[in-house]
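Let's start with one chain on its own, the form predicted on its own, as structure tokens.
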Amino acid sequence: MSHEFDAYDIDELRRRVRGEVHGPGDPGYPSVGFNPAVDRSPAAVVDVLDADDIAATVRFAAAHGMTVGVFATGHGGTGLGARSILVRTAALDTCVVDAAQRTARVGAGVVWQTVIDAAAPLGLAPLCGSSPTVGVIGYLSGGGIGPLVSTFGSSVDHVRALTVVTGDGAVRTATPQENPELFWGLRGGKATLGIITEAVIGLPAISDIYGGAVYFDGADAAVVIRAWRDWAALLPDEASTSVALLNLPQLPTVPPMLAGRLSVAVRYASVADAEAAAAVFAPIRAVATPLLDAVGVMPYAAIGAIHADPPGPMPVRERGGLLTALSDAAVDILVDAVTPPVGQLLPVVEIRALGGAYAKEPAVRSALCHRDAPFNLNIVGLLVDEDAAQSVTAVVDATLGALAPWSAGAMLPNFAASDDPELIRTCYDADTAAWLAALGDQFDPHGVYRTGQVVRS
């Protein structure tokens, strides 16, 4: 059945869960998250205490003809409307490292830095993304490509087990042996098959890496990116890299030599010994005169410094896609996009080199597709006001249109935060999308998870 959600329904939901339930107007209701441009206006917000709370919320939603979304940090989130209930997972904060097994058991409310800090004293390294402030579970549900992607592959390839609440309100364990179809689809399928409450992940033994970023003046951007492209194609498996065009503001957190100007950063991370890693990186240092060279031996716990993603919320629009090649003409298109007057509204235009271990078939297959693409492009536009939003949309659309000859016509799930079914489908090949949709119908017969970034028939 379906009807307008009212105070009586809120009271009923409160009786079903142990966690707090907030309605519109309650102090605990807002869920702004990392991207303030995302509008979340659900019928209710539930601060769940455990998987049973989520299961009760899902069953309640099914009985009332509603949908359920999930919120941890709000990175890469999508909007939510008045016929939905938002589950917040902050209380699911389990983080237990098993040094003998080299694993970590991590709850849905945990960010990567928490796992890094727990594992680093043991010489173990969680394969996080570029920002350690991102939630572990949301990142893994989209596959995950981090600073060591070419060396270790997708982070989701290192998941050992998952606990999930499926759309029928059941709490299930998924491993390669138990519910293997769920295990396949949860790793890369975002929230299509359920809300993941806990993950067990493998931890490689790494204490230090040779990494960081070297920054060049924007005037050298085209030369640097072309040299980076050719150099990256020959990198050994021990190294991973990305490059970014940056329009950084004048803030106390931004190094003064980079503030208020266009720069280009070459990021590097290697698990080789320092001497060998430095020798591999030497050609990049010789491309142009650096504004800042911050590449060297670093503790793995400081891996977030490589990309130096913004630590606080920003209203942004992100678009991009996988590229089949990075020609000289494509480089010129990207450099032109970040020049004045609109360029300042694009704080980051990033290209990550993939390949290496990422392109190889993993031991246990997942729903993560398009592993053969050599590059991932992500353009971040700053939405400071309505005029800026229009300008950003225009320049990003024009840039992606101009790059069409080198586009794979596909995206990676963690770079495709959207509820547009057509855009979501580009994250998967036809067979994967069809199987995800079929599994979604099987495990979610009432359509409770038919909201946000999901694949459904």
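In case it trips you up, residue 1 is the first one in the sequence shown, and so on. Fair warning: this is a prediction, and the values are worked out from it, not measured in the lab.
Missing here is the form predicted together with a small molecule; even so, the following discussion is about that form.
A.B. asks: Any of the heavy atoms of K190 lying within 4.5 Å of the small molecule in the predicted complex?
C.D. replies: Flag for K190 set to yes.
A.B. asks: Check M411 for me: does it contact the small molecule in the predicted complex (non-hydrogen atoms, 4.5 angstroms)?
C.D. replies: Contact check for M411: no, nothing within 4.5 Å of the small molecule in the predicted complex.
A.B. asks: Could you confirm whether A72 comes within 4.5 Å of the small molecule in the predicted complex, counting heavy atoms only?
C.D. replies: Yes, A72 is a contact residue.
A.B. asks: Verify the contact flag for S130: yes if a non-hydrogen atom of it lies within 4.5 Å of a non-hydrogen atom of the small molecule in the predicted complex, no if not.
C.D. replies: Output for S130 is yes: heavy atoms within 4.5 Å of the small molecule.
A.B. asks: Taking G135, Y139 and I195 together, does each of them reach the small molecule in the predicted complex with some heavy atom inside 4.5 Å?
C.D. replies: Yes.
A.B. asks: Which of these stretches, 399-407, 414-422, 384-392, 57-65, has heavy atoms within 4.5 Å of the small molecule in the predicted complex?
C.D. replies: Result of the contact check: 414-422.
A.B. asks: Which pick from G144, G321, G185, P126 sits with a heavy atom within 4.5 Å of the small molecule in the predicted complex?
C.D. replies: That would be G144.
A.B. asks: Which one of D332, D208, D293, D309 is close to the small molecule in the predicted complex, taking close to mean a heavy atom within 4.5 Å?
C.D. replies: Contact residue from the list: D309.
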